[in-house]
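Quick heads-up: the structure tokens below are two forms of one chain, split into structure 1 and structure 2.
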Structure 1
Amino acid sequence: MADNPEHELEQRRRLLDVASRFPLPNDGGGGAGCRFSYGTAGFRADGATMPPAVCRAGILAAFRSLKLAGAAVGIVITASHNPVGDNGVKIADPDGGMMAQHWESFADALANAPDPDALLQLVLQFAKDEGIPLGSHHTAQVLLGRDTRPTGEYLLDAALQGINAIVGAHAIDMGILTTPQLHWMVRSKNKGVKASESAYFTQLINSFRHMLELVPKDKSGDELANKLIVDGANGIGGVKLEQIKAELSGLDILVRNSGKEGEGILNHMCGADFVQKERVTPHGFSPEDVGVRCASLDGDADRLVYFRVSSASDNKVDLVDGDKILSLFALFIREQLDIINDGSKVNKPLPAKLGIVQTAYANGASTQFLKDLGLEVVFTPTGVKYLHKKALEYDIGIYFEANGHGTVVFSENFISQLESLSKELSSQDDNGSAQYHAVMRLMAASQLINQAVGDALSGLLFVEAILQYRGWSFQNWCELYSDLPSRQLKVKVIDRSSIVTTNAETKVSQPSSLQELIDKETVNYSHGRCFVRPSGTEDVVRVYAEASTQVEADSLAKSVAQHVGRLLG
């Protein structure tokens, strides 16, 4: 495991030392204290209880880098859309995506190891099982970022101590960042390109400018079409958008809830999660904003939704959620592919497998809209890690959850084909053709969108570029399709694990009688659709129902919830 016994002894000493400095909260109180569980959000809890978990996440990240021959791994300290008192930590793999799922059980065990000796034995055994060269000459590198939460600085120090407990590990503090920026930097560093914040901003600004240069001249909108009010959730995204908005020519951005001192509280009555769930205006918006296109980021800027203040008489909004953002992206990309393949100068079509990835929570109207376009739509279980993995199977994979988290991924093979085609068309003096412009739009899009993870800033700029390209108003976008009314309910149960789902969580396999009951209820409703799934975090079963009217959706959800309660309560 180690090059020599001295290195191994040093490694053991460091691990015991750091574990002693960060005992579990309430440890020694007869088993009291919280239990950490690593999921899609990493570890997340009240910020005051997080130092031991964050320290151990530092050990984990350094370990992960060692396993992957020293490739850069990332740590971001954030609790995303949670209240300001919470905090969390998650790990980014070398491709900028989420940590490999099969490491989550080790993450759980490490975070909950009850004492230094137990932690040491766990690490040594895992290193042996995985063939990880602990205490050797091998090096590990971990990039760190955090959001603006008051507990962030202290937790960053805990992460640094965890990383430094691994012999040969090197930590690089990238500063206060959005979560997607940190993921982008990890991906960039491992691709051998500049991995700084300035490089991130330059790529966004230049690719956005390039996309606007490719907008047909007859599509320029009026002044209102270029005006955008952004709710920054009093988080890091608002801060970063303020830094670059002056360089985004063709777009007049006003940031509210920007994170400035005294403007408001992080994620409180504002942010993408609040707007998407409550369907009301965030703090800081007023009847004077009626008719203006608005967008909302969440606290760490990995979610994006759009909205419009509907009337001066109440605080209701017209919402454009992740489903409709996905539909806009799909429409644009499909159109560019059609232009390329219909071009007269192409010797052979550009073979591009375009895939749309959704979960069962996607509104049925969006799925139908995408299928009517002739697009391939596939489903995965709920969770970004499943969506992203599936999207990677395509030349171009697009995924979004209704909550506004999603992105577009382009395969390297497809990008190289685009580059070859652009050179071919240039050599034929055909760089003024519609086909050439479509190629350049897709290349610019692949630079603009953050392919590592959902990114509210890059997603927002991609939306704005497409709206200008199409000459669309917010109303045009809203009218792509009408959402089917839906209802979500939670049913408290004794044991949520007694429900087993299949077909990307759309069907229940156990208990076998439940799916029959759901089917019998659903058939009574026009456009009826209903599924149930166990919560990942609490002993409840989630019920989701859709129908042609809100009354019917409510009725279907209630009926199915009653069946769940009778069978499992």
Structure 2
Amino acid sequence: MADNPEHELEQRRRLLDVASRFPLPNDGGGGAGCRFSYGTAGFRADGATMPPAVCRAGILAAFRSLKLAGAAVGIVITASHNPVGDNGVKIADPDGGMMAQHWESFADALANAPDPDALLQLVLQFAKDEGIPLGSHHTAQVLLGRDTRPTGEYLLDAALQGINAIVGAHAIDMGILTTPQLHWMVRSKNKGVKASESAYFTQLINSFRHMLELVPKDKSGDELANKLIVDGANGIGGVKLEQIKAELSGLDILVRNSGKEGEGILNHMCGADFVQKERVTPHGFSPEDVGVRCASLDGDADRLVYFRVSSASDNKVDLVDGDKILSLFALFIREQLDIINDGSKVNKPLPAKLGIVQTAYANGASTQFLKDLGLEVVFTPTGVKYLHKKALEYDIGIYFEANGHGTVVFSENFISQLESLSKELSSQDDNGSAQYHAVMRLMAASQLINQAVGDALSGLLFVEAILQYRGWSFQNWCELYSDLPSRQLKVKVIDRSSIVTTNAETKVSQPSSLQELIDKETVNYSHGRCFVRPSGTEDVVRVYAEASTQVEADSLAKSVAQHVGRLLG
């Protein structure tokens, strides 16, 4: 396994040493007596209990880089939309996406290894199984980022110690970042492109400007159309937006809950998760904002939703969730493809496989809308890692969760076809044509929208560019379709893992009697749809129901929740 026995001894010594510096607490450390589980998006718990898991994630990330011949791997320290006292850690693979799923069971075992010896044995065995050159002259590199949480700095130190416990590993602290920035940097680093924050900002600013330059002249909006208020969830997204907003010409951005001292608490009564679930105005917004287009990010800026304060008399909002953002993106991309292919002057068509990826949480009205456009819509289980992977199967894959996680991915082959078409058209003096403009819009979009992971900042700029391109108000966007009323409930059960789902979580396979009960309830409702799934981030079972009216959606969710409680409670 090792080239040199001395190096191997050194490797063993370092692992034993770091593991003894970060012992697991007696209760296992995963919170409330639970084991750590990599779950939907990494390890998460009360920040104070996280150092052992974060240190071990450091070992894991360095190990992953070793396995992948030294390609840069990322570590993000954040608990996203969860309360400020929580924290978490997740790993980004060299392409900037989530860590490959087949490493998750090793991640779990490592995080829960009870003592230094057990940890060492686990690592040695895994290295042997996977053919990882431990303790040799091989190198590994890990980029680290964290959000603004108070436990971030000390957890970063735990991660660094974990990384440094692997011989040959090199850690690079990229600073306080949004989650998508770190994913973008990992991807860039491995592509040999500059991986700095300024390179990220420059790409965003320039591609947004290109998009606006390609807006038809008759579409330029009035003052209100260019005004946007952003709820930064008192997290890192608002901080970064403040840094670049002056350079975003054509857009007048006001950031609230910006994370500045005294403005409020991270994710508390604000942020994308709060607005999407509660459907009320976040902290810091008032009746004076009625009618203005507003956006809300989550604490680490990988979720985006839009809203408008509905009326001066209550705190309700009109919500534009991930499904409607996806629909806007799909309409735009589809239109550009049609322009390119319908143009009589195009020498050859540009065939593109366009795919839409949703989860069972997507509002049924959005799915219907997309299908009515003739688009291919497919479903995956909840969690970015599943959606992103599916989207990569297309030339252009657009994916979103209703909660605002999502992006658009373009295949390299498609981008190079776009590039050659743009060259062809400009060499034929066609660079004033509609086709040429559509090609350039898609190229700018592929630069603007984060290819590694859903990114609230780049998503927001893409939305803004499309609204300007269409000359659309928030109202026009809302009217794309009307959401079916829905209700989500949580049920506490003894063991949520006793529920097993299938068909992208739309059906329960175990216990089988549960699906029968759900079906029996659902047939009583017009447009009724209901599913249950164990949460990947909380110790609960989630119930989702949809129907023609709110009363019916509430009642369907309630009856099914009662069945879940009775069967498993």
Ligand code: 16G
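Please note that residue numbering is based on structure 1, beginning with 1 at the start of its sequence. Just so we're on the same page, rigid core means the largest C-alpha set that superposes within 1.5 Å between forms. Just so we're clear, the structure is a prediction, and the values are computed from it rather than from any experiment.
In this pair, structure 1 matches the form predicted on its own, whereas the other structure does not. After superposition on the rigid core, the Cα atom of Val493 is displaced by 2 Å or more between structure 1 and structure 2.
A movement of the C-alpha atom of Ala561 reaching 2 angstroms or beyond is seen between structure 1 and structure 2 when the two forms are aligned on their rigid core. Comparing between structure 1 and structure 2 on a rigid core frame, one finds that Arg533 has its C-alpha moved by 2.7 Å.
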